[in-house]
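Only one chain is given next, in structure tokens, and it is the form predicted alone.
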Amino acid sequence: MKYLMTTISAAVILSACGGGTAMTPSDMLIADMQASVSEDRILFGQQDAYMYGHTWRASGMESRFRTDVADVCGSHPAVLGLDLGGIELGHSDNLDGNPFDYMRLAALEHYERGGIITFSWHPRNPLTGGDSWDVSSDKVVSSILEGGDRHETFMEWLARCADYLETFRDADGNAVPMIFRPWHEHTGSWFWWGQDLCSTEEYLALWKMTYAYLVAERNLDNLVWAYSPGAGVDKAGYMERYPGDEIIDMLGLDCYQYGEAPASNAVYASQLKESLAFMTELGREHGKLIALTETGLEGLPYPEWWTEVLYPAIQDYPIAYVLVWRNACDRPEHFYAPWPGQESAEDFCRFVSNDRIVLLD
């Protein structure tokens, strides 16, 4: 299909870095995405695309160029989503069984071919020992802030996160830019950092502590920081716990379609349009990129979902990318992109044949 262009105009460079300051790796990625948006393009992405697909899991070096998306249409996602869950405990594999070493290899090769990397993080519950979805206590965030009894433990977790992220270097030893999207979907209450599990002040303090350590202390200037509430909130709710322009580079949204299709199509499309409309306003007001950081319809039971539901819902908004969730190889019903023979595969090919949609050859 198309490669992500990396030639940046002088005007875009000056805009991205304030007129004359030397560009950091994150500045360069922001400028690339701004240039893509200005050309009315939308990058397509998928979570864990190179790690596994509907019927396969990468088992060695020979399979690292495979994705279900490429098996269907011949090109890979332009945006590769990965997750850091498990790195905080020093595990060799993440929460979905992906070896961290293999994730790095695949991500770096994806970047060298012109792709973009984005990391989410589902850390364990540092107070209870449960997973990210353990919401049995509303004291978790307060326990890891300065003065809390789990603060030192959590700072060790952040250090392990930084240790891993700083290993992402290109062939010349330069830090590879990537999108970092922690503490997502906080407007819901299914993660231990969610709406009902901490106060606004605690949530903001968590963000500031994370940012201060990774950027000021560890000097990770290659991170583009994304803020991604869940869907179902209005403009005020979206911004209620916004960490601030000095931290955030990108305004994201996680919005899935639930319920039986096609009955749920209109509800999903309406919710997505309403959210992207006020995010477009916010992006202009705050000078930030916007993106659909997670979306999809599990199992893709509606054959024309890509061209009749998703694209009409996003086509009028200046989103940098749209990322669908993973195709789990161990859960036959848990997939968000087509695979060869899946009933939406032909429509997906029509979707990506649109000149506005960018994939990676």
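Everything numeric here is computed off the predicted structure, so don't read it as measured data. We number the residues from 1 along the sequence you see.
Just so you know, the form predicted in complex with a small molecule exists too; it's not on screen, but the next bit is about it.
Novice: Identify, from the list Leu282, Ala205, Leu105, Leu95, the residue with a heavy atom within 4.5 Å of the small molecule in the predicted complex.
Specialist: In short, Leu95.
Novice: Let me know the one among Lys273, His122, Lys288, Arg160 whose heavy atoms come within 4.5 Å of the small molecule in the predicted complex, would you?
Specialist: Filtering the options by heavy-atom distance leaves His122.
Novice: In the predicted complex, do Trp133, Trp325 and His334 all reach within 4.5 Å of the small molecule through at least one heavy atom apiece?
Specialist: Verified in the predicted complex; spot residues all in contact, yes.
Novice: Among 38-46, 25-33, 308-316, 325-333, which stretch has residues with heavy atoms no more than 4.5 Å from the small molecule in the predicted complex?
Specialist: Contact criterion met by 325-333 only.
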